[in-house]
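The chain that follows stands alone, in the form predicted alone, written as structure tokens.
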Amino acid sequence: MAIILGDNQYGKAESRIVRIVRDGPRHEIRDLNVTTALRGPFEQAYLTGDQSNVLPTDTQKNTAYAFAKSKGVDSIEEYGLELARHFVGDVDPVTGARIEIEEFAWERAVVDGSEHDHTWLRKGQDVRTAAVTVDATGEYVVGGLKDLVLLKSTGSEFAGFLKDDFTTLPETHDRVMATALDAKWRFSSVDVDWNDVYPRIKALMVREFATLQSLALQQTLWHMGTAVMEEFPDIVEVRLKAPNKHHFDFDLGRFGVENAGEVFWAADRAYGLIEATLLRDDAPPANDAWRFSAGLA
């Protein structure tokens, strides 16, 4: 029996980069968490400790900071493509690069009714993400968002489900539905107006969550994904993950108080975890587009 080295990669995880444009009185901010990972003939680094092919992870970190200045951060997708193309095109013997980026959004402070030029407030919980892969097979971009917390107080049902001896859950035709959505979408092209597309995708998903009379969270995910793919032909795959944040009526009857679906216990765990992948039947191969590094995007 022989032991062989399988897939491997190495890089620098979670470099926190804040890029502020200060070339005028009104400043702009982009707040990123960047992970780089390189792929190539690095077997000897593992097998014998030979580092001659290894570009240090510290160098990768420095490059990410330098590119934030020299290339700028108009969109995280384009910034990730610039980094990945550099590692593959300019660093021998690198044959593939994976860049994962989280972006934390800020909104301008309003002072005396006007937006302030250089003060911001952290905006929301949800995080924009991008995963860029460049290798010999091509260039791949997976956009995304995570921790988009959504709740609606009606318009959701769950009934007609399979039952057995251990089933205690009652059927309902009117319930609170809440989740913290993790969504990713793969493009067939890199010729995309990234900053235009992202808010439109997010708005479509919120619209479907809000307006669908949902018979199950599974159905809601299907409608979210199809709405996005129908609107954007160059999105060929959507992957969705949604924990079902359960809200149960709290029993106030024992205190002589009526509770007609107005006071709830928001359960922390256990929770249902619903996942789905939507794929066009003519989608080009993903190759390593979904092979993650730190798994942050």
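Residues carry their position along the shown sequence, with the first being 1. Quantities reported herein were computed from a predicted structural model and do not represent experimental measurements.
From this point on, the text means the form predicted together with a further copy of the same chain, which you will not see here.
Interface membership of residue 209, defined by any non-hydrogen atom within 4.5 Å of a further copy of the same chain in the predicted complex, is confirmed. Residue contact with a further copy of the same chain in the predicted complex: residue 287 places no heavy atom within 4.5 Å of it.
In the predicted complex, a further copy of the same chain sits within 4.5 Å of a heavy atom belonging to residue 49. Residue contact with a further copy of the same chain in the predicted complex: residue 199 places no heavy atom within 4.5 Å of it. Contact annotation for 215 to 240: residues with any non-hydrogen atom within 4.5 angstroms of a further copy of the same chain in the predicted complex are 215, 216, 218, 219, 222, 226, 229, 230, listed in sequence order.
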